[in-house]
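The chain that follows stands alone, in the form predicted alone, written as structure tokens.
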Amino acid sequence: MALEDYLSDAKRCCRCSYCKWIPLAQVKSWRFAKGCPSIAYKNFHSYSAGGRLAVVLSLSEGRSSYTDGLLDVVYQCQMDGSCDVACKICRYHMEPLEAMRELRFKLVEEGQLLPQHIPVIDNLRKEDNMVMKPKAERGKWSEDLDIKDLTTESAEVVFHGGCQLGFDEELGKVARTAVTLLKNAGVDIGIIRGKEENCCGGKAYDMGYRGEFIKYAENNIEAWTRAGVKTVVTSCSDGYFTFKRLYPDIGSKFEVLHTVEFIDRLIKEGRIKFNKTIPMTVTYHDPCHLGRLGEQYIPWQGEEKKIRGQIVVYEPSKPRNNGAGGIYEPPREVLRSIPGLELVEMERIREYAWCCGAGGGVREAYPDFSYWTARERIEEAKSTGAEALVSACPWCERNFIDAVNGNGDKMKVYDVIELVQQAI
């Protein structure tokens, strides 16, 4: 779709401000009632979904032009989808997140680039990753790992490590552990080894670089098809969203699973068993791309109509992605199955979860905002009395680890897979 397709949303938005909060029925305290990090941080209406829809309308009608301030409004957003959920649940069936994506696509296509993103995208084009590292360093986590190399072999399941796990030496163990657990459980699994693995393209997509996304999607689909893959598994929530929600538009027909889904299945089948107790109280952070953005892809082609010029209807009926169908129970089921582990919940969970702060190109361009967002989530985690904050996404975990270290907090940060390994 194009930006013009969202003008009706921009005109219909009544600036009700529901996009700034979690739905009122879910509010448990004033302290943790906000849903959108951008408006909470900037405290100016333009930095909300309603404000950005006003930007869409103003630009489209020629009433405003490109400025540094406009770029700041557009890009100082994690693209986490909290506004999208609140809009659909509280009021309308509008698509503020898709409108913001199209706005970024338009800016990039017209050469209105955020300076901080340029070196990141240049590195992606040169080195095939989003973490500013040489391609040759990719995949150290899989060195000496006895696993099929799908550049020359075939397997039913491919594990995609992704950029963060592929280069982060501290978090690379998550990928290594995940693959080992699946292989030991009898799964026919392989990897695109080392530097031959490509970026998923998802973060570039969220930053507005649609062409780069299509390039990597086509490359990955071709590689998996050539290797006879039926199922794609990843421990990266950004990659999960990209493969599950975006790749089908490029022709992908693979089953897509996050590692926590697969591990949950194997535990229930008795193929993974726990022998150790972990006496710890933890709280779980729902990654945006695994939770509210992780719903099944449902293609739609139709048109918007109005009954008597007033009531908006869609023919045929349009899928209502309000976040409720995301991946919420599998990671919690895995944690509850670990002996001795106690899971306590934060106030904002599931489709109403607060973002970690790393998405949408914010960590790369606005680090202070990114870390502030992470610290807000850490404060919420601390309020539960938990000893550790657990998640299922390396981008979330890296942002939390950096925020904890930078603020002198004692909160521990784990991936679900790490606790599984400790309990075996």
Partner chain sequence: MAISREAYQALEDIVGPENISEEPAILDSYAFQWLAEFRQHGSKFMPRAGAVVLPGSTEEVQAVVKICIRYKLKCKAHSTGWGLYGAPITENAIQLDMRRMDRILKIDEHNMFAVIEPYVIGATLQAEAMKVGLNTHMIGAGASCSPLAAATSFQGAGPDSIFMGSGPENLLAAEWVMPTGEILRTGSLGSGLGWFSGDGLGPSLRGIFKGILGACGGLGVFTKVAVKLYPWPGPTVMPIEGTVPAYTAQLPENIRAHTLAWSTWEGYADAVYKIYNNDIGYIAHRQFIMFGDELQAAVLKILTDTTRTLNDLEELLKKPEIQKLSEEMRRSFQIVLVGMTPRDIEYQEKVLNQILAETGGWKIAAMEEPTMAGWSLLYMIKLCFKNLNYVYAGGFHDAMARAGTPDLVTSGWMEEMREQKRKFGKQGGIVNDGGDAGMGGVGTAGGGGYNAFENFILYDPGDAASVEAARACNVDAGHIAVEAGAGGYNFFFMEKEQVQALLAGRARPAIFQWQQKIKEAFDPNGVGDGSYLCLDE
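Small disclaimer: the values here were computed from a predicted structure and weren't measured. Take the two forms, find the largest set of C-alpha atoms that superpose within 1.5 Å, and that set is the rigid core. Numbering follows the first chain given and starts at 1.
If you look for the form predicted in complex with its partner chain, you will not find it shown, but the lines that follow are about it.
S.K.: Looking at its partner chain in the predicted bound form, do all three of Tyr92, Arg308 and Val313 come within 4.5 Å of it through at least one heavy atom?
M.R.: Heavy-atom distance to its partner chain in the predicted bound form: all three under 4.5 Å.
S.K.: For the interface check, one of 353 to 361, 374 to 382, 44 to 52, 387 to 395 should have non-hydrogen atoms within 4.5 Å of its partner chain in the predicted bound form; which one?
M.R.: That would be stretch 44 to 52.
S.K.: Its partner chain isn't shown here, but in the predicted bound form which of Arg226, Arg336, Lys268, Arg320 has a heavy atom within 4.5 Å of it?
M.R.: None of the other options qualify; the answer is Arg320.
S.K.: Taking the shortest heavy atom distance, is Val73 within 4.5 Å of its partner chain in the predicted bound form?
M.R.: Taking the distances in the predicted bound form, the answer for Val73 is yes, it comes within 4.5 Å of its partner chain.
S.K.: Is Ala324 close to its partner chain in the predicted bound form, meaning a heavy atom pair under 4.5 Å apart or at it?
M.R.: Flag for Ala324 set to yes.
S.K.: I'd like to check something about Ala40: if you look in the predicted bound form, is any of its heavy atoms closer than or equal to 4.5 Å to a heavy atom of its partner chain?
M.R.: Taking the distances in the predicted bound form, the answer for Ala40 is yes, it comes within 4.5 Å of its partner chain.
S.K.: With the cut-off set at 4.5 Å between non-hydrogen atoms, does Glu61 touch its partner chain in the predicted bound form?
M.R.: Yes, Glu61 sits close enough to its partner chain in the predicted bound form that at least one of its heavy atoms falls within 4.5 Å.
S.K.: After a core superposition, would you say Tyr92 shifts its C-alpha by at least 2 Å between this form and the one not shown?
M.R.: The answer is yes; the displacement is at least 2 Å.
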